[in-house]
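Have a look below at one chain only, the form predicted on its own, in structure tokens format.
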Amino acid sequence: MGNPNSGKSSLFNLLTGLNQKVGNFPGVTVDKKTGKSILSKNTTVNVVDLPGTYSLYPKSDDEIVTFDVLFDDDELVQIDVVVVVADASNLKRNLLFCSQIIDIKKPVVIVLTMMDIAKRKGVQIDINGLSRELGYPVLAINPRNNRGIAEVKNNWN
């Protein structure tokens, strides 16, 4: 889960091998999509791609879908870990939502996308320091070239 247009569906596609629609604008995903990902020889997990949201206070039907999954009101989805996808080039806004997820005390892995755009904007992110401050793993990925996907799978549990 994460803010709209942060790379959630791109990560979902890489993890599952599926081809959900992606776009460079918010609102592409309006309902949850599910797929399977092989983490290791003996471990397969269900992965859920959720609509983007800016906060845990839903204002639209697609945000309610995300809220229901997160708060166990969707009987078809059981959460073992929340992968929060955050746009590194707009980290302040994305970390607000991330902090709300952390506050509900579910296992979290934070995945930073768009590091290349952040770098072009002059934004430098101390990933290890951010991980220490948040108390959860923080990983940088690039879904366009498959970079960091193995690390996401390794931090799943």
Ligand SMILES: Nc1nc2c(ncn2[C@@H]2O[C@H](COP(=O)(O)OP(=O)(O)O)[C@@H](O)[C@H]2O)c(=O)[nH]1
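Small disclaimer: the values here were computed from a predicted structure and weren't measured. The first residue of the sequence shown is number 1, and the count goes up from there.
We do not show the form predicted in complex with the named molecule, though everything after this point is about it.
Engineer: Which is the contacting stretch out of 109 to 117, 125 to 133, 58 to 66, 31 to 39, given heavy atoms within 4.5 Å of the named molecule in the predicted bound form?
Structural biologist: Going through the listed ranges, the match is 109 to 117.
Engineer: Using heavy atoms and a 4.5 Å limit, would one call I141 a contact residue for the named molecule in the predicted bound form?
Structural biologist: Judged by the heavy-atom cut-off of 4.5 Å, I141 is in contact with the named molecule in the predicted bound form.
Engineer: So, in the predicted bound form, is S9 in contact with the named molecule at a 4.5 angstroms heavy atom limit?
Structural biologist: Yes, contact at 4.5 Å.
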